[in-house]
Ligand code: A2R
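Only one chain is given next, in structure tokens, and it is the form predicted on its own.
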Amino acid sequence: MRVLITGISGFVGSHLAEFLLANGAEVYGSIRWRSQTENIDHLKEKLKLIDCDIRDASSVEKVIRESKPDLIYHLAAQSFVPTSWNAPSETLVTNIIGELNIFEAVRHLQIAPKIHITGSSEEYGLVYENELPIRETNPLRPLSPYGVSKVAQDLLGWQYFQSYKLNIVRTRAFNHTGPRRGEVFVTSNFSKQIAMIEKGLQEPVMMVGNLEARRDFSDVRDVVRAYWLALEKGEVGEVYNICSGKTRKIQEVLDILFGMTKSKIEIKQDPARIRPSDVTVLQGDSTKFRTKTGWNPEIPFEKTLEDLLNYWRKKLEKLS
């Protein structure tokens, strides 16, 4: 099985590569020449990496021609919501045009791989209490440029399935985290701050944003297993939620992490961490996906946070 992962050096891409290699796949990955590859350094000898700018059509076609994939996992994206406020044009071009280039390359090369499009719970955006838990049929009301870009990716996938019969499966993953999560994301940011405080590299003050937001968290290792099942057992043309079905306030996440350290830490809100408009609650219903594939999340959230905190402890230890 030849598999292409765009954005392989990212958080999810690195975990997906590990999973696929463990299951006997021949794994190709697209990376930008200036990309940091720390997440996949331990895998490099087992991977076939190809330089590619996802926004450049000829570059994308070259990668697909060389890899001849049976499966494509399209993960390359501008994936940080706050950045999309500061760089909306870059977010829209990278996410929408990047995906379009993949679809067009597959058409031009006249091949028929299965293609997984990674959507996001941010597509749902403004959700009312009476709509919880969120099903795939819920209206899409994105509240950020990132959310808009993911809606466009989602609908573009639907259109290319309908118009050209491309073998596309779409998923909408809710929040997921774990070791190697980028430090700009809330669970990883909290974990890094605690690790720095423990080593005396930061004053015992935790900088936070909105602690009242409620999110549906899963472990990244459960999510990449779901991505595999999406192409293994999912139906082309369909869209599936991937989520735990449970919500936690960001405050609860912080409390769990505080329970894993002996440090006494003060909490201080940072105005720069407050978004112009924030999604109040995201709680998903993954019944459709579970019924189709048999997937269930297996890793407890407390274990996820423990592994993430220990990741940062070890990383800071290496740097010191």
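Only a predicted model underlies this, so the values are computations on that prediction, with no experimental measurement involved. All residue numbers refer to positions in the sequence shown, first residue = 1.
Below: the form predicted together with the ligand, not depicted.
- The partner is absent here, but in the predicted complex a heavy atom of R32, alone among R32, K48, R290, K62, sits within 4.5 Å of the ligand.
- Put simply, of A76, I72, I102, C243 only one has a heavy atom within 4.5 Å of the ligand in the predicted complex, and it is A76.
- The candidate site formed by G178, R215 and T247 is entirely out of contact with the ligand in the predicted complex, as no residue has a non-hydrogen atom within 4.5 angstroms of it.
- Just one listed stretch, out of 264 to 272, 281 to 289, 33 to 41, 249 to 257, contacts the ligand in the predicted complex at the 4.5 Å heavy atom level, and that stretch is 33 to 41.
- Among heavy atoms of A17, none comes within 4.5 Å of the ligand in the predicted complex.
- Although the partner is absent here, F11 sits close enough that one of its heavy atoms falls within 4.5 Å of the ligand in the predicted complex.
- Of the heavy atoms in T118, some are within 4.5 Å of the ligand in the predicted complex.
- The closest non-hydrogen atom of Y124 lies beyond 4.5 Å of the ligand in the predicted complex.
- In the predicted complex, the ligand lies within 4.5 angstroms of a heavy atom of only one residue of 80 to 94, namely T94.
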